[in-house]
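Quick setup: the structure tokens below cover two forms of a single protein chain, split into structure 1 and structure 2.
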Structure 1
Amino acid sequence: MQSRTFGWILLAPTLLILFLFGVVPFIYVIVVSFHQWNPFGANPDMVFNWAQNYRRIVFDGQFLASLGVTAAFVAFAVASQILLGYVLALAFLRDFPGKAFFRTIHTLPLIMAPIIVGSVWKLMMTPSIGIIPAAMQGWLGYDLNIGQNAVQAFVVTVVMDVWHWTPLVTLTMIAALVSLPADPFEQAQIDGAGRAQIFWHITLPMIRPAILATVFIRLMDALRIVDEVLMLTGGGPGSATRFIGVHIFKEVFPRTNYGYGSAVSVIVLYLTIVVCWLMYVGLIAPRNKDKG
């Protein structure tokens, strides 16, 4: 057996980097959030001001509106991705000519940079440049302008996220579905169960862990969406697509004092942890306990 010291030496650089750029910012943001600090203002010093910054957040309408649209976005985007991904995974289960080729194409969006996805969709959706508004106008007489219409901007953002991330759900669902044992399905068919019954009583319970894990990963990522939205809509029009990350980047970071910005960051981090923790204890942990 080698000496433990050597093990710690190998681990040390990793721990040091993650400490300096992960833990220190975490502690630092909490400390700053209890201060009034505006280096470019009349008083450039940090002044301790108890929980004043947090009190201000409660009355910050912009921030609360941003939380609302973020919740709506995450709900619509993740739900559509799970449903669509499951259906597409089923469509991939049978063999057909060119299956591997189509699967490769379907996976392609996953590797694209979020900022490129945003830029690609902006080029497609901007009136007078993009083909989609022109086609909508020409064929259906429908006016699509994501720079003006809040509902359209929100929907297009959701569609973009579905385009970008549904393949991930499809591939995790395929992995879950192909690993299912055949016996229960054959038995159910012998017993005369219908397709709906088989789905609700056999398929769904068996792939539930995979669905929950996928929801968990997608939820975490959807909560922090920034790049695509900055590029596509810049958070507008109004606050229609000013999701929480976009809000911090565009409003909090450049326009407020450091203390208030830190308080907003701490609250967002806290809410993210709470949402993920609720997901975990509410949905994933009980299932694991059932299994023994």
Structure 2
Amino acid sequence: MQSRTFGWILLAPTLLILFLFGVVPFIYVIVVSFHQWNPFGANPDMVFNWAQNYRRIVFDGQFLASLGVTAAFVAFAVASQILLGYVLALAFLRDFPGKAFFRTIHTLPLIMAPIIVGSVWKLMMTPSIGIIPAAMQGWLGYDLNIGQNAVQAFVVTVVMDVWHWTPLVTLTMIAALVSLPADPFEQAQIDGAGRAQIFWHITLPMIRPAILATVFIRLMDALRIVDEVLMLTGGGPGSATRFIGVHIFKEVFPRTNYGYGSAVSVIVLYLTIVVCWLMYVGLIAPRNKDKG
């Protein structure tokens, strides 16, 4: 009994921090989402308006458009990161000249703050001074201008996110592959299984938990991307890169519409939980049930 009490005493500071900086702000956002509140307007008081903010979400064309753009961004970015991260993990598990150097260079984007990443890519993609538009024009004769072309802006944003976060996926894939036991692979080779068969029937099922955990992390991060996009495109041109995080930012700060922005944040959190739950039920729960 004393050891259990001592354990709770040790956990108390962490639980207190989580409560103060996690639970309390979350409850506050929910409360604000049921109010009309513009603290910098003519009437700075919070006015309770029931569920009008949530009703507005359903009929908000900009929100629905940003939700669709965000879904496309998440699908392309996360899928590319998983595939590229796995390929790079396989490459780094092999011995080749300069392996340590390339692994170090590969992980450097992870130490860069998102706003710095957006700033660097903004400099590289600006037509008048950027190296990438100059190279595309000089070598391929292709005019690259993300400030005017919506498709180019979206693609470059995806590439930027892939460049920034693929090293994280690579590290998780390396850890998963290194931890695999050698016996199943040796037995499969003795039985005459090919590389494709070994991958689909041994490697993939064994690293599936690591892949899904990485997908969950990257999915949640990609759904709330803001800093890089604001620095690179500002959400434009038009609404091409107005992702849901950018939409919330513009509602809360430039328009100072705190009530509606809080309601959108709650809806996005709910959608994130639902998507992760569906992935868990569809991919993890049946596997655990079979094992049981």
Partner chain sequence: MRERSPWIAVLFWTLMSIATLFPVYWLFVISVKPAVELFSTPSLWLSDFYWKNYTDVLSDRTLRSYMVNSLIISSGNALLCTTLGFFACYALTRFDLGGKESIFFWTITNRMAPPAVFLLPLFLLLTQVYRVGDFSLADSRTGMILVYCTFNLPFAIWTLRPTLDGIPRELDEAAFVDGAGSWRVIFEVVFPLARPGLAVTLILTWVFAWNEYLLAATLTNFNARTLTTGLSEYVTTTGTNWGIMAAISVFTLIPALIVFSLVQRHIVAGLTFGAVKG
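Residue 1 is the first residue of structure 1, and the numbers go on in sequence order from there. Quick caveat, the model's predicted, so the values are computed rather than measured. Between two forms, the rigid core is the largest collection of C-alphas that superpose within 1.5 Å.
- The first of the two standalone chains is derived from the form predicted together with the partner chain.
- Candidate list P254, G41, T104, D95; rigid-part hinge between structure 1 and structure 2 assigned to P254.
- The interdomain rotation between structure 1 and structure 2, with the chain split into two rigid parts and fitted on C-alpha atoms, amounts to 9°.
- Comparison between structure 1 and structure 2 places the CA of L10 6.7 angstrom away from its other position, after core fitting.
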